[in-house]
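Given next, in structure tokens, is a single chain: the form predicted alone.
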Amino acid sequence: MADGTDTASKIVSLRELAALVPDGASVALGGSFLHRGPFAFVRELIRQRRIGLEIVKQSPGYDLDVLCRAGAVAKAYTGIVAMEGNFGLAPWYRRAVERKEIELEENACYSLTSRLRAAAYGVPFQPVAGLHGSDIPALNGWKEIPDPYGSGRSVWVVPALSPDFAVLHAPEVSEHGDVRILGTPHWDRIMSRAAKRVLVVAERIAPMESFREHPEKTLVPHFMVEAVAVQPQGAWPGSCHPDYAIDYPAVEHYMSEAESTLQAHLERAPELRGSSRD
């Protein structure tokens, strides 16, 4: 926990934060489906014309879809990918896979979590249950090993996966980079422990005293975080508990097939209506 006396501010602009991610980087994106994803950051990557990205997320939707729509993705490591029940599958992601425009490593959500957990623990692989009878291990070249303790059973093991970056969206941060999630953390904790570098977009800065008073609410401590951008409504058009819900009309507009839709969607985003991006 930062004590507020010897830790420099880690606040940068959204533009500066996205500029830290180079072409070809592997990026784990926090949140789940349309909930508390770092969507303003994703849109800024598109504005900066990033290409060749490898996206890691157990349950992506809008974020991976819009990156595929913009031609920014080379590979995806995913579990389920969808725009949630209101809108069905993620169409531009699906087309990118079907047309072989991106490479896909298909996972169960738990197998991808296990790959990240292995990296977080500093071990080369992690046992994972529930894969017997599935085609996923064969598709990915995963190994099955006998129980070294002699039960006669075997277990699938998945290799460690350490993304270059984990990018999270949070309701609150301290100026020094402590991260507080209100509500479910989704996959953010394990992503932050597995990645080489952690970047955060936050709705607001909370007083340092509140982090001292409630250290148990800090999901990611400041010493793990490289930089933070403060961007209100940074999870739009998704939700960020407890501040705002999903903007369903905006998601419906994004789903339009018209050629002009992507640019119009980018131009109406909240980060262009304030100064946080710059």
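Given the structure is predicted, the values throughout are model-derived calculations rather than measurements. Counting begins at 1, following the sequence as shown.
We do not show the form predicted together with another copy of the chain, though everything after this point is about it.
When contacts are judged by a 4.5 Å heavy atom cut-off, V158 counts as touching another copy of the chain in the model of the complex. Residue contact with another copy of the chain in the model of the complex: W142 places a heavy atom within 4.5 Å of it. Within this chain, I205 is remote from the site of another copy of the chain in the model of the complex, having no heavy atom within 4.5 Å. Residue contact with another copy of the chain in the model of the complex: G183 places a heavy atom within 4.5 Å of it. Here the marked residues V123, E213 and E216 all reach another copy of the chain in the model of the complex, each with a heavy atom within 4.5 angstroms. Per the 4.5 Å heavy atom criterion, another copy of the chain in the model of the complex is contacted by stretch 216-224, the sole one of 229-237, 66-74, 49-57, 216-224.
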